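Below, in structure tokens: the form predicted on its own, a single chain.
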Amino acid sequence: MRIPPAIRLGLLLALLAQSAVAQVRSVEVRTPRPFGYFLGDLVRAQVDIVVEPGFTLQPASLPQPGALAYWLDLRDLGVSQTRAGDAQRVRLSLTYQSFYAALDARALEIPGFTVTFVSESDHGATTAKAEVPAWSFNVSPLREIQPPARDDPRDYMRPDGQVGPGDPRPLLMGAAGSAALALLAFAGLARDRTWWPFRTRRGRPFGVAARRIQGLARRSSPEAGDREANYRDALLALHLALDAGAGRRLLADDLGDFIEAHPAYRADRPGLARFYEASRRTFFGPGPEAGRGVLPLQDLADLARRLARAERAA
């Protein structure tokens, strides 16, 4: 018996359709809840598509984030793939946002879409389409449609909340505590830097000498007698600081022992050697003019400042 061509074509199309259906095993849409949504809420859905192995998702067939209708936007779309037995599962995580200002409770429908899968082989490419059906959710109004009549239109508005007077005492106590801590920290800094009233405290002779010499350098007069007197006083101030630091009278020959006992001042040993040479020329030689030729007053002030800095660090 010969089969007519039209019947053969119909059977072929039926077989092809059955094959395409078999390639997409299932499509399932899940939502957290189908009701209880208001204006501006996010509506989430999860679509699970199970397809035959070897089929890959075509990203161009996915819905693109953006406006789908005047009241609906697709905000986000996530895609993940996992194994499901002898098949593979493609999961679409969709996030919509509804802008429908409902006046009463009603159902809204999110449109469906088609997702395309392709399987590549030596004989060509096979295409399968998964139809994601439309699904609905219920929205509710934010307010009643017609509230009870009021004589005064202001009665439709909620009254302002009553706010009691604030208690400033916790803020004042916190401010006082912060001020006390700041004053205590400043006192510690003043003691560390030997500022007033800690200028004469024990244990910081180089700090006292540095301020004394710096003051002499600022007050140095161009007159010869004042310059010589200021220079002698500056040398004596640093001599007193060295004697206090060593705990005895410190001479030039004792400088090596002093540096060994106080390694914090090792970097300034050349400057201290120049200081002793300038002192020798000033007090036991030609005079202050010869001493300034070895160590000028400003260099002496810089040496004292470096020694005071090393003293604080030690």
Partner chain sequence: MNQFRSGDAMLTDWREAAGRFERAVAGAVLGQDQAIRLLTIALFARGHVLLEGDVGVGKTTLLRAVARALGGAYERVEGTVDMMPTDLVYHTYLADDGRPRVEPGPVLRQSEDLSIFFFNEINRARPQVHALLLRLMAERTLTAFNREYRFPNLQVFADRNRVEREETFELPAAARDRFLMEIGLEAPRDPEARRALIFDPRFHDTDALIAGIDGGVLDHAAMAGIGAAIQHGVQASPAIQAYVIGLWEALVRPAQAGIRLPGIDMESLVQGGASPRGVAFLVRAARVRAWLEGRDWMVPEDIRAIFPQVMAHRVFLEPIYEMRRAAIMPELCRAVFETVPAP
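Note that the structure is predicted; figures quoted are calculated from it, not measured. Positions refer to the first chain, counted from 1.
Form predicted together with the partner chain: not shown, discussed below.
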Which of these residues, Gly271, Pro34, Gly54, Gly285, gets a heavy atom within 4.5 Å of the partner chain in the model of the complex?
Gly285
Which of Ala252, Ala69, Val29, Ile259 has a heavy atom within 4.5 Å of the partner chain in the model of the complex?
Ala252
The chain here is shown without the partner chain. Which stretch in 150 to 158, 123 to 131, 164 to 172, 234 to 242 comes within 4.5 angstroms of it in the model of the complex, by heavy atom distance?
234 to 242
Is it the case that Arg266, even though its partner is missing from this view, gets within 4.5 Å of the partner chain in the model of the complex, heavy atoms only?
no
Partner proximity in the model of the complex: Arg44 to the partner chain, non-hydrogen atom cutoff 4.5 Å:
no
